[in-house]
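Let's start with one chain on its own, the form predicted on its own, as structure tokens.
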């Protein structure tokens, strides 16, 4: 290990910070948008309206059966063509936007299954009690069922967030300079590729471990 030189990382910290901002942006956008859309999908899958439940199940099964890297490439290659057809002119660099949309829609399928399990973990009497009080099914779901489902599934939601954070490194396939991509470029430029990859792996490890420990603590609180 004495032959390793990490000095280039010190001098390239502005570029690494730029890449870290891209990674954080994709992660947070996919988490928030994925949770909102995933919640809607989870509720739709449990809906008594069969066509709605069937469409939600089709969406979830489709995205859970396709590799994430393929979804990223779909949006990167197809969206510009669609926009060009709609507006009649070429669009600019949409790599970041296409990555955010791809991750959000992909993660929504996994969040939907987690939240569906959370909703099913709430006793059915809760829904019946809400209806008996004069609340609509939607109001009961929003005010009584979903808060309990989120509380029950919070550790799993955080675990999925760790997976999402790690998966953001896949944006290298569309040439987007996230933290991993920027680390690779700096290492390749300066001839310190092993060092930069070790550094990137250590950062991913530390952040993932931190969130995993938080999820474990929450799991203990929820199980009490």
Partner chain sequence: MISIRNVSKRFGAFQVLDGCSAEIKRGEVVVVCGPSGSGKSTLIRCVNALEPIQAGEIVVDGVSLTDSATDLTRLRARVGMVFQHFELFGHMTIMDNLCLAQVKVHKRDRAEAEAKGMRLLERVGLADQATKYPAQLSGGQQQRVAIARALCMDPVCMLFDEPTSSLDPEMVGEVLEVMVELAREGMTMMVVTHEMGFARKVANRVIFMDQGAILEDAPSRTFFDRPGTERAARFLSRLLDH
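Positions refer to the first chain, counted from 1. From a predicted model like this one, the values you see are computed outputs, not experimental measurements.
The same protein also has a form predicted together with the partner chain, omitted here; what follows describes it.
Do residue 121 and the partner chain come within 4.5 Å of each other in the predicted complex, heavy atoms counted?
No, residue 121 stays farther than 4.5 Å from the partner chain in the predicted complex.
Would residue 81 count as a contact of the partner chain in the predicted complex, using a 4.5 angstroms cut-off between non-hydrogen atoms?
Flag for residue 81 set to no.
Give a yes or no for residue 86: in the predicted complex, does one of its heavy atoms lie within 4.5 Å of a heavy atom belonging to the partner chain?
No, residue 86 stays farther than 4.5 Å from the partner chain in the predicted complex.
Taking 4.5 angstroms as the cut-off for heavy atoms, does residue 97 touch the partner chain in the predicted complex? The answer is no: residue 97 has no heavy atom within 4.5 Å of the partner chain.
| In terms of non-hydrogen atoms within 4.5 angstroms, which of the given stretches 71 to 79, 132 to 140, 113 to 121, 100 to 108 touches the partner chain in the predicted complex? | After filtering at 4.5 Å, what remains is 132 to 140.
Exercise. So which residues in 138 to 170, when you check the partner chain in the predicted complex, have a heavy atom no farther than 4.5 Å from it?
Worked result: Heavy-atom contacts to the partner chain in the predicted complex: 143, 144, 147, 148, 151.
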